[in-house]
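Just one chain is shown here, as structure tokens, and it is the form predicted on its own.
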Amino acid sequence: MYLHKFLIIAVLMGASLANAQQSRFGAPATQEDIDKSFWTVFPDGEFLPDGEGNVAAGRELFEYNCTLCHNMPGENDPVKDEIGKLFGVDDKRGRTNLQQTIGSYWPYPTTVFDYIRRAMPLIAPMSLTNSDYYSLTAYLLYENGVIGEDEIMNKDTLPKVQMPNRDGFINAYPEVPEKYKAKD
């Protein structure tokens, strides 16, 4: 009985492998394929892409792409607030039950960019241009009181933005004091 099932599985796997080879499944990735797939941005801004955006363009993009799930500033829809409140700069240290928003929680502006580029808009992640994502990031930072309305966000300016909660996290890789470093 087990041998019979094993033979059926082996035959099916062989047929699948033959079909996969005909469709170039498993073909080596080109550098272009790798570049399209590697979109992680580090907190220090390493691997931020080219492009630039501003608050005005970000506001329009937000209204068109994001208001299905998120409130506009000043809008009071409790259902959207449950999905993800984005605006508000309240100090979280020492207080409980505060909403975690971009202004009150996120320690790095580059991770805001990275997250929305990876995951938004919800129905079509990574469907906008890098400049669109810079504009959305600029708009969100502006509405949270982090940057001015005329600031331009790009791979050079975004890492320099100081988030209100930048010191609210424990560094996973702290500096080791000299007296504890290994001697050569």
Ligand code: HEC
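Start at 1 with the first residue shown and count on from there. What you see is a predicted model, and the numbers here were worked out from it, not measured in a lab.
What comes next is about the form predicted together with heme C, which is not displayed.
- Proximity to heme C in the model of the complex, taken as a non-hydrogen atom within 4.5 angstroms, holds for one residue of 66, 48, 146, 158, which is 66.
- With the partner left out here, heme C still marks one of 39 to 47, 26 to 34, 117 to 125, 146 to 154 in the model of the complex; by a 4.5 Å heavy atom cut-off that stretch is 117 to 125.
- Not displayed here, heme C is approached by residue 70 to within 4.5 Å at the level of heavy atoms in the model of the complex.
- In the model of the complex, heme C lies within 4.5 Å of some heavy atom of residue 84.
- Contact annotation for residue 108: none of its heavy atoms lies within 4.5 Å of heme C in the model of the complex.
- Heme C is not drawn, but in the model of the complex it has a heavy atom within 4.5 Å of residue 62.
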